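In the structure tokens that follow, the same protein chain appears in two forms, which are kept apart as structure 1 and structure 2.
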Structure 1
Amino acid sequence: MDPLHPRAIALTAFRLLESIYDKPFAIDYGAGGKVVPALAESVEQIDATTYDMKLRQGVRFHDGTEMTARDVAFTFGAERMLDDDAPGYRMGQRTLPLLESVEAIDDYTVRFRTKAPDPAFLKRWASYGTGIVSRDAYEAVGDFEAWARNPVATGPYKVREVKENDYVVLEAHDDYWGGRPPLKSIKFQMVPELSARIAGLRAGDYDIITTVSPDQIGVIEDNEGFAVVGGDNMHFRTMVYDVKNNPLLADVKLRQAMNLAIDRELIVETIWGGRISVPRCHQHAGYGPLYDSSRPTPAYDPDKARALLAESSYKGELIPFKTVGSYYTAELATTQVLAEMWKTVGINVDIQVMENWGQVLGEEPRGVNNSSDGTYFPDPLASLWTRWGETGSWQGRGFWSNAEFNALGQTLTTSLDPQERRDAFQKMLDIWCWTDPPGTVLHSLGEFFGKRADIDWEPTATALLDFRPGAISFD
């Protein structure tokens, strides 16, 4: 599947696509989030908004042809990404919002121009949506849907077979520039029920299974020959409030009270067995100098919550709480716990289990819903701003807006001064976490994986499945 496809914008797709696509750069989380060369070897900044990217020579696509600047320019150019009717326009606005133009200077040099200075320029090229594709293969297919089912890229594995809503089989790309892939083939099998995934792991049908709930970790680890890996990562498990369309939630004191009524540490200890953590608001230590380690985790203060409610316009009305119930690990259990915590201080919600996300997000009346915010490169531009900013998911859907937050976001997006960016980001957190909260962060988006104990493998810091050379081995 092409990473620009609308169905690819989900964690399940990210895991699969990581094996198919390579990006110009990568993030070495073992080295403190350092940006390292991948398909590109270096970037020279010509002026404040112009960058020349030097490509690695000798990289082969899945069809054996060589990757050149022509392919890179096409990947991010008008036809595929920059034009507003291009299939990748939405992804481009998410990952490369400042990109203005791209051109091939010679066979191995690509020139990028941005609309404004970009403090996260290098990191963006290690993010989701920046995988390089073959221009000739793309144009030969001529149909985006057909291309998405059998893309030609440069990653360690290439697509061999796809059965829609069932499985995808990849096979090793033997000419992979990063060395021979460690696996001959990989089958990604869709198995919605956790019990079936665990049974398949025990039976030897699967070698690694995803999204193990905390209460099932012991079930797997109590069986000799199996183990569970994963836990904390750079993603955030969040809640969303429809501030603009629900008159009850328009009252900031109600939202503040809701956030104060949540005992996040209790959720982590009881539901997650203490295996994950509560972040210091919507930030991660991987952000480096932008991170404020002195900022406290979100407060739990039910007495203050009750006092705020007494000052608010809220009179005990039911607030819709829509959920699909099973998208996130322990989603329904968390939803029920939150409802009880809110009820304890006098806030009443009506849990409505919906069939799909379209019903959660699209059907009125809206109120509260579960969500998550991914972080696919270590900077708040990859998460807080992408999800909650002026052109982000929630402002775009009309849930919330804040003029000061948006102005600070422009500084975060374009300032090359590290201190100025840090100050802007921390002020944005003040707004998001307390002054005008459009939701809240609950805890890290814990992700656990069951596996055969003889497989030496762990998920990445962004909960992706990495099966590149050196990332997996067998005892």
Structure 2
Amino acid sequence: MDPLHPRAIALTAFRLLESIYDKPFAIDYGAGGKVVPALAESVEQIDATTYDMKLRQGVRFHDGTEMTARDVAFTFGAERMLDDDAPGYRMGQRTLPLLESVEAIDDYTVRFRTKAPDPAFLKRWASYGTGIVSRDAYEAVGDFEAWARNPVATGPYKVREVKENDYVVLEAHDDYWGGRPPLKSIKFQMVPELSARIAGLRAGDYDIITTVSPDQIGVIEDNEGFAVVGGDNMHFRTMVYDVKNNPLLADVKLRQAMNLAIDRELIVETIWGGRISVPRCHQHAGYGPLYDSSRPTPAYDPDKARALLAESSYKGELIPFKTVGSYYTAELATTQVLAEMWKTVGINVDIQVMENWGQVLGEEPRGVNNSSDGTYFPDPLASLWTRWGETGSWQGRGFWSNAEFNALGQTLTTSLDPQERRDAFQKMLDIWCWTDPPGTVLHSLGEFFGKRADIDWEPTATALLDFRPGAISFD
């Protein structure tokens, strides 16, 4: 339960940690992705790579001590995150790859230096992984693993009881700086089976249940007193093509044809009951000035797909399509639908259901696989670049590379000029979506939660569970 623990990347951890930790800033998605103060009050830019962060005063940790600059400097400092042998180094690199140093100037001011100008500096402090920890409490425990089982932070709820593989109980942090938390305690119970979760909701054992598949939404809503919330969020459900290792997929015309043959609206309508949407390529409205609202959603044009195939070197060979079948909601159904859509235009894939991701991504021959791109702050640096960039997941694993895309990525990463960043990002989308596609976006990653109808609550735009003051109430 430390946001920089390698296992904190799991969905269950994402959901839980939101109640335990606070970050320097937060994002107000209701206000178009605006960055708003949280544990920090403001940031002053001293020069291109130096920033002073002013902290909120009077913020109390779960153990009652006051949060100061010393804690913030420790949270992101050498011992916990910045050194490459620190326990949180790898996770820290996801969110704060440009951070060079951090020091406390006085009790309420922290100075950050970055390796290069960072256009997303502010947004990063509202992102996953930047929860502030208590230095004294951390040092008293000494061991990262033991600490992660019982952390001390500033969030609205503190850890009361943990039983691994079973449940976690949090209780209200009464000295919370944002006001008294609305819930006295929260039990996060692990219930792996959806039918058991639904039965538990209906029987009154649970107030909110997670990961409701679209075909079960009606089952819940047909019962009086229960409702389903959620839907679109900022994450992208994607497909990945192994361009570099699969000689068939090296042909860009085949990949373009594959993308044109997918009727995304039909998938959304039939599998998701029309409750989610298809993004305009790999971008989200929350990106603000970087977002191009006139870019069309990926086209569905089977005739053009056939024409491209005819021009390509592809002659109907089988392309392996490996899937674990159950990682994403309706993954197997979507996989089968895709295979049929491709077959209609003359592209043949061989669906291979594997047991785990190691087999999907690690074993040759690779071809096509399912994936998703999480977006943890509203900027392409948090999604397109971490997943598809030069050192990101797919280029790093040797699936694809594109020199022009990478060069544009440098501008996106370092330019402080919003217009220049927008131009670079939109050109990257041209490459990613059409001229050299290494995969495609299917739709946004829908996430649904069942709940008691008298509870007024919704998940965040990043599908997290927020139980802060004002986020949940009972009718």
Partner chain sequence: MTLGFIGFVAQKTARALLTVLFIVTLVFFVLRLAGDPATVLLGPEATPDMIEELTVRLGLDQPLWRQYLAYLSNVLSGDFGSSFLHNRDALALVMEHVDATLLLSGAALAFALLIGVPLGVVSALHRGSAWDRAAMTFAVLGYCIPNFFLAVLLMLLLSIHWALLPTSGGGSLAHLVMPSITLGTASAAIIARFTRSAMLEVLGSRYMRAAEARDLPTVRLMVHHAFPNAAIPVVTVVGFMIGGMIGGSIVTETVFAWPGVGRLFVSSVANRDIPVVQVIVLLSGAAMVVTNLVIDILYGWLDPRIRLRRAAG
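Predicted model, so just to flag it, every value in this text is computed and none were measured. Definition used throughout: the rigid core is the maximal C-alpha set that superposes within 1.5 Å between two forms. When a residue number appears, read it as a position in the sequence of structure 1, where counting begins at 1.
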> Just checking, which of these two is the form predicted together with the partner chain?
Replying inline: 2
> With one rigid part turning against another between structure 1 and structure 2, at which of 22, 446, 412, 261 does the hinge fall?
Replying inline: 446
> Two rigid parts, two forms: what's the rotation of the smaller one against the larger between structure 1 and structure 2, in °?
Replying inline: 9
>> After superposing on the rigid core, how much does the Cα of residue 313 shift between structure 1 and structure 2, in Å?
In response: 3.9
